[in-house]
Each structure stands twice: as C-alpha cells, then as structure tokens.
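Let us start with two forms of the same protein chain, each given on its own as structure tokens and named structure 1 and structure 2.
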Structure 1
Amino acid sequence: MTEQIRVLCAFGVPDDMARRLSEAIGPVTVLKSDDEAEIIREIQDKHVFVVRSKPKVTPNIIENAPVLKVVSRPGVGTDNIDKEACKKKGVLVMNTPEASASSVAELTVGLALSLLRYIYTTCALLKNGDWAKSKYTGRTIDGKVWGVLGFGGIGRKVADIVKVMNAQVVAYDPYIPDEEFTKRDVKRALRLEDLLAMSDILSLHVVINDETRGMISENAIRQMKKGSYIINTSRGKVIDQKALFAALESGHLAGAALDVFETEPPTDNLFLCQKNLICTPHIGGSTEEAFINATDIMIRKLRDLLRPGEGGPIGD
C-alpha cells in the first residue's frame, strides 16, 4: 500500500497513542464522541479504525466505510466489534492480547499472596484500629501444588513466577503440545479432574468459549481439595459463581480471589458477605506497561500489514 494511510481513533483514545500512531502510520483523526453518525461521517476516507472497548462497531459503520482495511483494538476484548460484518467486507480485526500477559500474571500471584497471607484483611482491620497480629495465620506458596487451568500466554507466565517461589506447577490444557510443558518443567494433567484433585491453589487462564463457560461448576468445585484456593483473572463466566460462594461458605474452599465476574460490575450481594473472598474490578491488564506494550504491538502489527518492509524502531 503506497498511498497515505489515514487513521480514525475512537473517542477517548489517549493523546499519546494518537500521537504515536500519527508518527508511525499516518494522519490521525480523533472522534469527539461515540455517536454512530459522527463515526460514519469521519470514517469515509480512513483505512484504520482504532477503538477501545467502545464504541460499538456496527454493521452499519462497516458497510459505510469504503476504504477501511483494519479495525484495531489495543487490548484484549473485541466484543464491541461486529466481526461477521468485518469478515463479509474483508476488514481485518486485530487486537493485542499478548500485551498484558505479565500484568495479569502478576495480579494473579498478587491476589494469591493477599489471600494466603490475609494482606487485604489485616490491612483493613489495622486501619480500623485492630492490631490483629495473632488472629491470622497465613500459608505460603512455597511447597504448594499450583494448578494452572489454560496454559496459554498468561498461564505460562504464572507458572514461571510461582516456580521461582518453589511451588510445584501442574497445568491442564488439551490444546498445547507436550513440549511447552516439558520446556518449563511443568507437570501435565491429562484430565481436568486430575488438576482439580491435585491443586492447593488453582488459577484460571482459559479463554471463554462453549467448552470453558461454567467449567468450574458445582461438581468441579466438589472435586477440589478441601481447604484449597481459586484465583480467577480470566473471565467471570468460567466459574459458577453461586457454587463458588457456597463452597466458601461451607469452608470446602479456604478462599477465592476474583478479578472478573459473571456480570460486571457484580450485582450479586452474596459476594459482599464472603469474608474469605477478595476481589478487584477487572484490573488484570491495567498497568502502564501493558498500555505501552499494547500501543507498541498495535503499531508493529499495523506496519507489518499496511507498510511491509518498513521496519525500524517503534518506541519513543
């Protein structure tokens, strides 16, 4: 493609990202709202549309974008983009899931530490004047079996971190070749049941699809060790939330940490009552580094696609 590439950025795309796109790809227009009529007006001569989790990229927008080649989402979720309409029109949908892998993995381990050592609980008590030094005896990650469900980008990073903490890592993922497990000295569980039965701490890193939705069901939780922990930073619907709360209530599970929920923000009052549950508002990928990585990766992918052979540095 030798003609000038013009980029349309969604309302709210940060100035720095727009600046870097204009330096690396071509002239940038930033929308002033998520209004569909404005988007259609502005997209007429644009080759690239950079979006956030908003706006909704509807079939109407795609059909009215005569020269559009790519819809790019610097981040993970592309639920707001009508992929069917893009496919029909030959418009590529790009995202950058790899940009936040370290951030999500670190939060996963951080949540486990907070849970096992009561960091959040004792901090809240102390701020309330309660020096709860002898009330809370924690547990270590050292020496525990850490189960990884989903051995993709994030699952592998978690494995790398907790191995250094002397956990024994077991992972279940039927779609990953044996080499990935042996390379990392991670034990492969051949069945989900085996992973559930072995893990002291189970962290979830699967993508959401028909197979994984509700995978951690009431029955699956029953198969987990008594006194074990669950950390979910993947997608809320992987766990049956009601079954999880019941297992926390009964003491079958010692604790759980959730960054993601069936409905976001969560509306289920049950979760507020759980004292052995800690939670964060879907912040797994929210780090400065993930944001910079996402911009770098997006620009690299756009350049490879639209300006092949024009390599060179992409950082500041």
Structure 2
Amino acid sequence: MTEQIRVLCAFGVPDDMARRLSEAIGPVTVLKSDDEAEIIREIQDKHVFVVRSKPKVTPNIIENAPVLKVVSRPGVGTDNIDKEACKKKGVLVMNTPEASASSVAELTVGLALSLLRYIYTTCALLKNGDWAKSKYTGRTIDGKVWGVLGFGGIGRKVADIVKVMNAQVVAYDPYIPDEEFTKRDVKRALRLEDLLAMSDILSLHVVINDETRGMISENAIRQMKKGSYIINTSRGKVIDQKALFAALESGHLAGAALDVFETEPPTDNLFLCQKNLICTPHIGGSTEEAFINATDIMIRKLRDLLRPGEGGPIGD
C-alpha cells in the first residue's frame, strides 16, 4: 500500500520553504498559530512536522500524531522538541546544522565588531545629532585572543574568519578530535577554565543540554579577564543572565553581545538597557542563504529517509 506524504509546517515557517516542500515532498498544511490544540488537530494525518525554534513539540503532540514519521528542524537547535517522546514513538528528529553555519558565524563576528567599535552606540548618537567622534575609543580584534566555546561547524567558521583578522584563536570542545584543531592552526584548551582565563573575546557555539545549561556561570565569568567580552549566538540559557548583568555593571566584563536570551523575547528591560550590552532578536540563522540551504538540505534528507517519488511510498 502506498500513501502520499503529508507535511505540517509550524507557524512561522517561511512561505517559500513551505512552497518548495509541497513541490518536492507532498501536500503541505501551514499552521496559523503555535496553539497546541491546533497542532494536535492538524497533525492527525501528517507524516512530517516541520518546526523552527517554536513551537514546543511536547509529548502530548507526539502521542496524538498516529502516522508521524519525522520532526524536521531546518536549523541547528532541537531543544524545543521532546526527543525522548519522539524516540518512544519511533519518530525521527532531524535538523540541518550545516545550513546556517556561515550566517551565524558572520553575525557573531559582526556583533563583536559592533561591540568593540561602538558601532551601534555612535550610530544612534549621530542620528540624534551628536558627533561623538572623541567620546569613544574602540578596540581591535587584531592581536586579541579569541576564545571559541564549542568547535563544531559554526565555531570553526568563526575561527576561520577571525584568524584572517589576526586574532589568536583558542577553542574548547572535548568532543572534537585533535586534527580539527591542528588543521586550522587553532590552539586547543584542555579545560574550560583555561579557555576562560586566556580569552579577550569569548564566543559561544554550543547546543543546550544538561552539560551546557548555565555553563557561563558567576564563577566562570569571574575566571575571565577583566575587560574581556562575551558574544553569544548559541542558546540563551548557556549563560547565567543575572551573573552576566552583574559583571557588566561592575565593569569586570567590558561588554557583551547577545542574539539569544534565557527567555525569548526577553522582558528584563533593566538588563537590556545596559550601556555595554548590544543585542539582536535571535537572527543568527535569518538570512536568505541560510533559508535556501536549510530547505535544500531538509528536502534531500527527507527524500533519503522517506523515499518519496511522485506520490510514492513512505519508507518503513
């Protein structure tokens, strides 16, 4: 017996991604909200559920998806998906971490440049008529020790970029083989404490799990150099936000740039208004190129997994 593959796209999936999925995989339904009741109503006959960083894919949703085969995340993080519930039900969780690596890496370096050179601050002042040329003296990436926490695809791309800018790159990742460090001429930190102590600029590129949640704690920040910087484009809960706020207020950290937050959207206006903090609304992977790459990779992986042809069979 053959059955046409049906796809459910979460609210917020780009229209072009949904269109291409419909052309390549099968009929697509796009949700109008993140409401769990609507998801459960629509997922009853769907084989693929495509989500971004929202909604939460809960055990209740998985239990009420009788023919679901795959939850597909066009991007890196899958922390909004209950993977244990999927495993119990035999549902595969699939992502496309390679699709947005360049986009996230470029934003990481862009945030660092904006922070060190006061680009955002002086732009805002100039637009208000304040020619603040003599008020702000920036710093260069050239000559700094750039610490990379997490040496996967994004961390490696960041290392490649900032090495061209004459930064000395040190990275910590206990799960990556030595040859990945050696071939990029990147110094390997054997302990997180060593990375923290060496870094003038520390960028974070880790997934969120029990090991990484709160990894940049008050104690960790205390081990960093006075006057150093943190850039986070990974997950907000990697950093203890209260500890970061205190370190920015005290001047122990010269600045921080965040694309991600403990709660999104963030509601702590006192924190957001810190003068030595710049922030963006989780846009690391939000480029046209990343969306195109993610769609291409997702379609290829779904075809390999489900073996759809022209309305063909779903793979067992």
Ligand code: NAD
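Throughout, rigid core stands for the largest set of C-alpha atoms superposing within 1.5 Å between the two forms. Owing to the predicted nature of the structure, the values given are computational and were not obtained by experimental measurement. Numbering for residues begins at 1 and runs along the sequence of structure 1.
Q: Determine, for this pair of isolated chain forms, which one is the form predicted together with nicotinamide-adenine-dinucleotide (NAD).
A: Answer 1, the form predicted together with nicotinamide-adenine-dinucleotide (NAD).
Q: Of the options 261, 224, 45, 293, which one coincides with the hinge of the rigid rotation between structure 1 and structure 2?
A: Where the rigid parts turn against each other between structure 1 and structure 2, we find 293.
Q: Which rotation angle in degrees describes the motion of the smaller rigid part relative to the larger between structure 1 and structure 2?
A: Expressed in whole degrees, the smaller part rotates by 16 degrees between structure 1 and structure 2.
Q: Determine, in Å, the CA shift of residue 78 between structure 1 and structure 2 after the rigid core is used for superposition.
A: That residue's C-alpha is offset by 3.9 Å.
Q: Check the Cα of residue 37 between structure 1 and structure 2 on a core superposition and give its shift in Å.
A: Residue 37 is displaced by 8.2 Å at its C-alpha.
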